[in-house]
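Here we start with a single chain on its own, the form predicted alone, put down as structure tokens.
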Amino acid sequence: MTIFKAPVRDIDFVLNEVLDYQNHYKTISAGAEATPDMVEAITAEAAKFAEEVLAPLNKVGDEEGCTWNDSEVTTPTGFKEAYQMWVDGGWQGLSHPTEYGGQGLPMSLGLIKSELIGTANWSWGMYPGLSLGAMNTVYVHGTEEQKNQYMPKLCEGTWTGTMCLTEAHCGSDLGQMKSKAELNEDGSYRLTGSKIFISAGEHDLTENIIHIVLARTPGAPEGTKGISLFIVPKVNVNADGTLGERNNVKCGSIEHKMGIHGNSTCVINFDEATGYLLGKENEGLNAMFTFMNTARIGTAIQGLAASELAYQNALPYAMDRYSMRSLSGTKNPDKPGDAIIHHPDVRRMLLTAKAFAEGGRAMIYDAAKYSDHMVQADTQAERDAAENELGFLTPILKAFLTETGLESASNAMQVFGGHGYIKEHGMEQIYRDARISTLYEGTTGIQAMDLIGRKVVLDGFKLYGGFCKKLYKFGFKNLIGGKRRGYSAKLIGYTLAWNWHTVKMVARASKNRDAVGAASYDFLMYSGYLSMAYYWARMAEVAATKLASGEGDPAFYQAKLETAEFYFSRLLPRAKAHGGSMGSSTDSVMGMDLERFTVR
């Protein structure tokens, strides 16, 4: 089975030494309670829960999976008991308002627990993780009555939530949705339809499940402009908050999947189920984006988690597996061969996972500051600005970090050789669990189109320009007075090239709209490598400063500098290839006639 040790030191480095979270918390009202001692205590307890309770259940969940019987789902052995510990610890409402039973701490602080539980056991972590999206959606778009009725139990964790979008005939193209909602005399709605791929859609962990469902009302406009959002509880809730009769919501089956076996992926059937409009009629898709963006940031964490877990498990194997002799001379003369970590290609794979994990952590934790400002903003303008900034970063985080997480998981299997392909060591489980991350919450291709289409071109390059300005500002400042000026020079150069490729791509798109689609994947991956370079440059600058001053553990900071060097020398150059593909002919993708696809 896999091992997991919470990367507490690296989390502290990112929060306090690189991103200066303590000063950030001074800018928001909820930050007053997030003292260094409080953050340290929460991190320590979350680490203990992840290491001692969840990590041992990771293999159990994979081997047992969930079982379905007559609409009911039973989770793997130990999952229910672990969830009760989660509830008893008050973890679910950590970053939600005290008026609903939460602890009122910053949203970003909840990210620490999400990373730790997700890395220890992604399948289990999806149950409370999906609830966060439901909580945020009800809190932002619900009426006061709805918030008072559902938020306390969701914050408590005794109820969970889901996101019900996908239907058998439509995945990301939600305009084809057929589920319908008809108005009742009492103001409620009758929902009818089937949803598929509903994560945590049915289980035995809680007494109720609150489904957040997209459906159409009679006479609604065609396409996405005619979609509304509804709250549909598994068990109806009485006016006084007690549970009533079972709603007409049933789990028709669960999927037999490649990975994440411990989480129930359900077909949910609504047969004139009672539901309640959430937000305004025909504006459901906009409201659901609150949930989807929460889920996309959560999926970015899955990419980070895959890289971290892959690295943690491949490293000890590489240290203790002896095979062949090092090219530069014998390293373990008392062994039949040298430890494979002395072979350059093994080091390449390990350092790739390490660089992606630590770089990804900095990317996500910095983006989480925008979440804090969204919740704590004093004006709507401030809230919108924070939401837009996070919205620009979301497709980069979701798509790039899941792609790199999957690569890390694959490399970790490769470190093990044939032993990585068998179940005994758990490496193939990391890969299987991570494989879904590039698919759900919008595939990599869809995230790429969202980035270049909505977040760059349709936005008029405002957010894109602001992001570039941040890179240039750091680069030029440290090019003059920094300790790693070479990294600053590369950051400036790659940003200039990014700007040039973007301008050329948009110019081609003015003549051929397919130019954007053909270049979108490469644009996103370039954006990801460049973004991570910015954070590795920042981390290297901090590490070099600490080493020069003699502060802290020199081995830790030296490792940071060596990993940064690997990233800038071996991984960032990949962006050049993506830039070249971005600038290539659109016809190389779109020129082949359909009938020639079948010619073999």
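We number the residues from 1 along the sequence you see. This structure is a prediction, so every number in the text was calculated from the model and none was measured.
Another form exists, predicted together with a small molecule; not displayed. Remarks below refer to it.
The stretch among 499 to 507, 437 to 445, 362 to 370, 399 to 407 whose residues place heavy atoms within 4.5 Å of the small molecule in the predicted complex is 437 to 445.
Within 4.5 Å of the small molecule in the predicted complex, a heavy atom is found for all three of Cys170, Phe197 and Lys257.
Interface membership of Ala273, defined by any non-hydrogen atom within 4.5 Å of the small molecule in the predicted complex, is ruled out. In the predicted complex, the small molecule sits beyond 4.5 Å of every heavy atom of Leu94. Taking the partner from the other structure, the small molecule in the predicted complex has no heavy atom within 4.5 Å of any heavy atom of Ser114. Remark: Thr166 counts among the residues lining the small molecule in the predicted complex, judged by a heavy atom distance of 4.5 Å or less.
Contact with the small molecule in the predicted complex, judged by any heavy atom within 4.5 Å, is made by just one of Met449, Leu205, Leu105, Leu393: Met449. Residue Thr265 is the only one of Thr265, Ser488, Asn411, Thr294 with a heavy atom lying within 4.5 Å of the small molecule in the predicted complex.
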